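Take a look at this single chain, the form predicted alone, given in structure tokens.
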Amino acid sequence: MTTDGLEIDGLVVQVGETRVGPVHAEVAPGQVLVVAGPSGAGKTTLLRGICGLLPSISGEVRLHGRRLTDLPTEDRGLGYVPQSLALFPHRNAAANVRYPLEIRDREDAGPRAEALLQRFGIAHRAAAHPAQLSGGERQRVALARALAAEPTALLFDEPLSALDLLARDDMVELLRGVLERDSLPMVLVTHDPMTGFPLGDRFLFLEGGEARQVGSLSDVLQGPSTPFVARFLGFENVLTPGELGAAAGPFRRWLSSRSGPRGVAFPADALLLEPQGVDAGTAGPVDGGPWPARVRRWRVSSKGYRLNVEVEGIRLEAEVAREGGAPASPGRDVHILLREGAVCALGDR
């Protein structure tokens, strides 16, 4: 592993019945590792283990080649922003930012806090207490406080989840600016990987405390390793080898021939519908089908219409553009095509 940046080498953390790891990942300066998973997956436990707020059972954490594992939290050189933000309610914004400098007896506590508030566009709110600040303003104060003591890496727990869309976009731009200016390795925890896509360089997916996949955004989108990762990334159609079965239907055979050891996945918009009686010659060289199917139900979606169709006993989701008018009614027989380039074999990476 590299000695430049943050290295997580086989880290195992346990609190109560929750055990996370072993986790292997690294984050270079100026890059973001997005740790994604559902509630209870162990994301916050992992982050607190990196910080030293929870003891590790095994493994190591290194920062720029320096072993952190046995150091107390305050000596690790990490800036940590918990999901609660943990701002002191009795201190105003300026006093919150000054706090990590004051406990270190830094003489420049006042000027540095003022400069950080100015940098993040909240100097005019310096005298306001947390209860008087908006969600986005509180996030900026927490970020300023995390940077006050000049850490060499930043850790964020759900920094975007409590913000509205506009404030979320502002925070993404703010974090981009921190990455460019300070060139720190950053770990960002989220239950929604979509919020991490604009920032993430690498992604770590946790399920039940276990690391299911680590890789770049292009790696995980083009080749999710497990059904869990595929579903978590938004693939509407995920079929395991057991669900594909050994039936001899042409659709099952076609999918099985493209399946990985853990199954196959494809998005709803990869499934194309044609009316009954479609000419088999209309399927292009990159498409599979057509195969007979039956519409079971449909509803309006943000992109058009979302259909549930059944083919050879398998239920699938399809996305149909609104321009073509209302889709076939439930019980109607149709034919489906599938864009082969959108089909991902699971477990090949």
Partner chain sequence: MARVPSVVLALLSASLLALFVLPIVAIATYVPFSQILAVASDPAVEASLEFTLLASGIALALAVFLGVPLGYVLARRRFPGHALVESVVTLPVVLPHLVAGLALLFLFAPEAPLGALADRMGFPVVSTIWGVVLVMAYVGGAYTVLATAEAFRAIDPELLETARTLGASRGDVFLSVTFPLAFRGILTGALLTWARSVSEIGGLLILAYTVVPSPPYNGPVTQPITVYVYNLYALGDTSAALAVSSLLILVSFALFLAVRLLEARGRMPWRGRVLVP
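None of the values given here were measured: they were computed from a predicted structure. Numbering follows the first chain given and starts at 1.
Same protein, other form: the form predicted in complex with its partner chain, not shown, and the subject of what follows.
- Taking the partner from elsewhere, every residue among His90, Glu102 and Ala149 has a non-hydrogen atom within 4.5 angstroms of its partner chain in the model of the complex.
- Comment: its partner chain is not present in this chain, but in the model of the complex one of Asp192, Glu114, Asp182, Glu74 has a heavy atom within 4.5 Å of it, namely Glu74.
- Only one of the listed residues (Gly223, Gly136, Gly209, Pro82) places a non-hydrogen atom within 4.5 angstroms of its partner chain in the model of the complex, and that residue is Pro82.
- Using a 4.5 Å cutoff between non-hydrogen atoms, Ala28 does not count as a contact of its partner chain in the model of the complex.
- With a 4.5 Å cutoff on heavy atoms, Arg145 counts as touching its partner chain in the model of the complex.
- Contact check for Leu53: a non-hydrogen atom falls within 4.5 Å of its partner chain in the model of the complex.
- Using a 4.5 angstroms limit between non-hydrogen atoms, Arg62 is distant from its partner chain in the model of the complex.
- Between 173 to 181, 193 to 201, 94 to 102, 120 to 128, the stretch whose residues reach within 4.5 angstroms of its partner chain in the model of the complex through a non-hydrogen atom is 94 to 102.
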